[in-house]
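The chain below stands alone and is given as structure tokens, in the form predicted on its own.
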């Protein structure tokens, strides 16, 4: 169970920001950063490095953009060894404003991409690597894209990409443990010079067990969020993962205190976690956007109708 090479990335603020348009206030983000740092977590991801030429600041909060000055306000005065990560979407980053890593509070920039866009992801990632950042490629919606194109993408990454880590991302929370085992083994067979990571969503209540399965087969980079916060069904829970790993460098107590003080009240304001429409989306390997729309409508608990629409969608 104990493996020193394992690194934990907390993506509470980024994934949680998908619920509230990345509009957490500075006080809250600092409280999360302090607790995650005190717990000994290796990385914390604060949001997206997107351009305000593409997304409006009237619609989105600061963590949609993760400007260096805002990040400096988060970390100021807090003693920490936890590295800062952000996610840079392909085509949405103003590269002219990305400083070299030595001049930035950011340590890692991750690129999320579908298999079909892996060539763009490689170019994007290499730009960040050349600036001195640790980098990853997160291959999204992998439950829908496990054909020969995936192998081709992995071979291309191994040959052309400077990324340190390649992530298996269960975007729809559809994977079972057998699939996780097969995918980790498949990635490690091809990726001889990269670490493998796993990012699980909790539609079927399997994010934690699937993360354990990834650990068993030597995935060393693992994503999680405090109290499982994240879009729709949420993510692997950080507190369960830290408790499982039995690594003395991790201290669970700051996370438990954070949940009591900040996340229990927050759970009464915004919704995430195990809810039937999100479970159904996971069962049918669907993006949760329809389930999220249902939960925001006036028939949010009409589970049977939602199920029947999934199995017999209307033909327009």
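Because the structure is a prediction, the values reported are computed rather than measured. Positions refer to the first chain, counted from 1.
Keep in mind that the form predicted together with a further copy of the same chain is missing from the display, and what follows is about it.
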Quiz item: Does residue 274 reach a further copy of the same chain in the predicted bound form if we count a contact as any heavy atom within 4.5 Å?
Solution: yes
Quiz item: Quick one: does residue 204 come within 4.5 Å of a further copy of the same chain in the predicted bound form, counting heavy atoms only?
Solution: yes
Quiz item: For residue 253, is any heavy atom within 4.5 Å of a further copy of the same chain in the predicted bound form, or not?
Solution: yes
Exercise. Answer yes if any heavy atom of residue 279 is within 4.5 Å of a heavy atom of a further copy of the same chain in the predicted bound form; otherwise answer no.
Key: yes
Quiz item: Just one stretch in 163 to 171, 116 to 124, 238 to 246, 129 to 137 has heavy atoms within 4.5 Å of a further copy of the same chain in the predicted bound form, so which one is it?
Solution: 238 to 246
Quiz item: Looking at a further copy of the same chain in the predicted bound form, is some heavy atom of each of 82, 150 and 193 within 4.5 Å of it?
Solution: no
Quiz item: in the predicted bound form, which of the listed residues (146, 209, 220, 182) lies with a heavy atom within 4.5 Å of a further copy of the same chain?
Solution: 209
Practice problem: Taking a further copy of the same chain as it sits in the predicted bound form, which residues of 272 to 309 have a non-hydrogen atom within 4.5 Å of it? Please list them. | Solution: 274, 276, 279, 280, 283, 301, 302, 303, 304, 307, 308
